[in-house]
Ligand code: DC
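As a starting point, one isolated chain is supplied in structure tokens, in the form predicted alone.
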Amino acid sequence: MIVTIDGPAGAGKSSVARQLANVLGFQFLDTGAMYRCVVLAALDAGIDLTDQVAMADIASEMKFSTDGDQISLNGQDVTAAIRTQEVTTSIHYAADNPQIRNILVRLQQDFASDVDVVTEGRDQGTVAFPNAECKIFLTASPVERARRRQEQLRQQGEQVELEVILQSQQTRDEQDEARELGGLHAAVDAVHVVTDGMKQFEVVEHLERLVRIRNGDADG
């Protein structure tokens, strides 16, 4: 079974999807981390982020793996490094590159070819897995999303003003929605879930019920 969770930045997709996968006993695929790894690898290699061919080469050559909460790039733990503000503000260079999207979507489809999976991103229910059995569009108000991002950065030792995050978030939303390939759009058959005022465990419980109903286990 494939469960897709799409939504804008700061909606809490990664943490919720990871916990949901654990509850269901499914594999978890953080597709946003894949794009972040491309950007981090390019920055480390001194690649011009506007060079689409060089960026695509980085994507095709990188070795991405995930083990629980840990993200590895070319054998190195980059779990914290890919979440910095520098990577976040540059992620559109990877996300807007059609070659990179094609490369990563193929990797995502290969990952989910023979396992039950919860996968999260921007285009999972529309492009990567249009035939997924359960599609969820997770969102929250802009201010709520920005506050969550601010707290995440604070825990990583970065202090960023809320207004700065809001401005960056709005720019990223506009880029995500305008993207010709893999733009941020809810699948027509996705269930919309707004998480304002909900604790994380409440969101996970709600999504678990949705998945079990879609899987024919209405009593689950």
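Numbering starts at 1 and follows the sequence shown. Keep in mind that what you see is a predicted model, and the values were worked out from it rather than measured.
The following text describes the form predicted in complex with the named molecule, which does not appear among the structures shown.
**Q.** the named molecule: the contacting residue among Ala146, Ala95, Ala140, Ile71 in the predicted bound form [heavy atom, 4.5 Å]
**A.** Checked against the cut-off, the match is Ala95.
Q) Is Lys135 close enough to the named molecule in the predicted bound form to count, meaning some heavy atom within 4.5 Å? A) Outside the cut-off, so no.
Q) Using heavy atoms and a 4.5 Å limit, would one call His185 a contact residue for the named molecule in the predicted bound form? A) Contact with the named molecule, no.
Q: Please check if Thr195 has a heavy atom lying within 4.5 Å of any heavy atom of the named molecule in the predicted bound form.
A: Thr195 lies outside the contact set for the named molecule.
Q) How about Ile91: is it within 4.5 Å of the named molecule in the predicted bound form, going by heavy atoms? A) Result yes; Ile91 sits at the interface with the named molecule in the predicted bound form.
Q: Counting only non-hydrogen atoms, choose the one of 175-183, 153-161, 60-68, 43-51 that falls within 4.5 Å of the named molecule in the predicted bound form.
A: The contacting stretch is 175-183.
Q: Could you list which residues of 91-126 come within 4.5 Å of the named molecule in the predicted bound form, counting heavy atoms only?
A: Stretch hits, in order: Ile91, Ala95, Arg101, Glu120, Gly121, Arg122, Asp123, Gln124.
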